[in-house]
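First comes one chain, alone, set out as structure tokens in the form predicted alone.
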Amino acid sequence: MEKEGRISCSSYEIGERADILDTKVRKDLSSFGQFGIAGRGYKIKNLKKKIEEIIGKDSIWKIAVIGVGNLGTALLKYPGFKEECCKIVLAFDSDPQKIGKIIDSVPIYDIESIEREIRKNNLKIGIIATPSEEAQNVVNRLIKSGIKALLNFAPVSLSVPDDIKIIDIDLTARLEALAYYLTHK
């Protein structure tokens, strides 16, 4: 709507675009405070800013990638991180041929320095792109270093304490879901 040159919008319009009821939009937004004016709707610029604050997009979150194989390298080169609230600042690997190199301005450190570098840079988010047999050990080290949120690309279920948020990205399961969709379309 903002890109259309609009200044304000209604909960009905937001609901239409998100395919949810306008009452749900109002209820959800009201749980975070007062954003709109009854009968006039929401100022788009203000609403966007408030939503970015709520989801933590108003600050840059520094991230470490652990494992600089094909997937890790692709993540380091992914341009979307530069435009969003996340910035990969460190990478770790055990391969001596990768250690010391820089990919898209991200230095690759020896995995043995992970605790020191994570603490020194005060990182809270890590991306696991290691082989499955190394993932749990890496996660344990990250948690000891202060990491509180993990995105796991390793094809294994990882054990973490209750205060650590982990999101598993299982590419095979996603592809199987697409195959199922196509089969039963």
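Take the two forms, superpose them, and find the largest set of C-alpha atoms that agree within 1.5 Å; that set is the rigid core. Being a predicted model, the structure only gives us computed values, none of them experimental. All residue numbers refer to positions in the sequence shown, first residue = 1.
Form predicted together with a further copy of the same chain: not shown, discussed below.
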Query raised in the report: in the model of the complex, which of 47-55, 22-30, 113-121, 136-144 comes within 4.5 Å of a further copy of the same chain (heavy atoms)?
Result: 47-55
Query raised in the report: Taking heavy atoms and a 4.5 Å cut-off, does Gln34 contact a further copy of the same chain in the model of the complex?
Result: no
Query raised in the report: Counting only non-hydrogen atoms and a 4.5 angstroms cut-off, does Ile63 reach a further copy of the same chain in the model of the complex?
Result: yes
Query - Contact label in the model of the complex: Leu178 to a further copy of the same chain, heavy atom within 4.5 Å - result: yes
Query raised in the report: Would Lys77 sit within 4.5 Å of a further copy of the same chain in the model of the complex, counting heavy atoms only?
Result: yes
Query - Residues in 108-135 with any heavy atom within 4.5 Å of a further copy of the same chain in the model of the complex - result: Lys124, Ile125, Ile127
Report task. For Ser31, state whether the C-alpha moves by 2 Å or more between the shown form and the other one after rigid core superposition. Result -> yes
Report task. With both forms fitted on the core, give yes or no for whether the Cα of Glu13 moves by 2 angstroms or more between the shown form and the other one. Result -> yes
Requested in this report: Determine whether the C-alpha of Arg141 shifts by 2 Å or more between the shown form and the other one once the rigid core is superposed.
Outcome: no
